[in-house]
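Only one chain is included here, represented as structure tokens and corresponding to the form predicted on its own.
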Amino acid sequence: MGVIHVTDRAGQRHTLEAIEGWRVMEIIRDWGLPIEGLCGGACECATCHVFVDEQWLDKLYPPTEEEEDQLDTVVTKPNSRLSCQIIWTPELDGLEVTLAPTGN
């Protein structure tokens, strides 16, 4: 096990235990932070949008065309990713993400 660090929409930083093979969206959701993930991780919505800390971007697989298409539906930054498309591995121990604003 390792951890991910998540900054919520109020600016509070949370350290969450992570399990290998789980999607970052699942880890955030299962720890009770407000992330929707309406499609359940199928890359069919962008409700699990996060901003990945710049120092971690090179450690992630690049987004697929499908993920980029979903990110085109929301306001993004260069470090935007869908957390359902990031599978946690020990190499990502300490990953830093920030929950993106919702459309509300």
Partner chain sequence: MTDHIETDVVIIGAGPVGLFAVFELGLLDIKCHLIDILPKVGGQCAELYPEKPIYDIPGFPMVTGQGLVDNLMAQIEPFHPTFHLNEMVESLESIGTPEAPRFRVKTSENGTTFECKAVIIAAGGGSFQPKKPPIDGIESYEGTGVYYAVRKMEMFRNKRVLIVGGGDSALDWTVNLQPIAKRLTLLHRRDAFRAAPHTVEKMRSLVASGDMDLHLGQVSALKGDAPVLEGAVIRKDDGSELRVDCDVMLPFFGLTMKLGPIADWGLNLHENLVPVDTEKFETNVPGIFAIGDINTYPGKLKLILSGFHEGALAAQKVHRYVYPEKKLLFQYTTSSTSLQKKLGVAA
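Owing to the predicted nature of the structure, the values given are computational and were not obtained by experimental measurement. Positions refer to the first chain, counted from 1.
The following text describes the form predicted together with its partner chain, which does not appear among the structures shown.
Interface residue among Leu33, Leu60, Val52, Val74, judged by heavy atoms within 4.5 Å of its partner chain in the model of the complex: Val74. In the model of the complex, its partner chain sits within 4.5 Å of a heavy atom of Ala46.
Shown without its partner, the chain has Leu38, Ala42, Glu44, Cys45, Ala46, Glu65, Glu66, Glu68 in segment 37-68 as residues with a non-hydrogen atom within 4.5 angstroms of its partner chain in the model of the complex.
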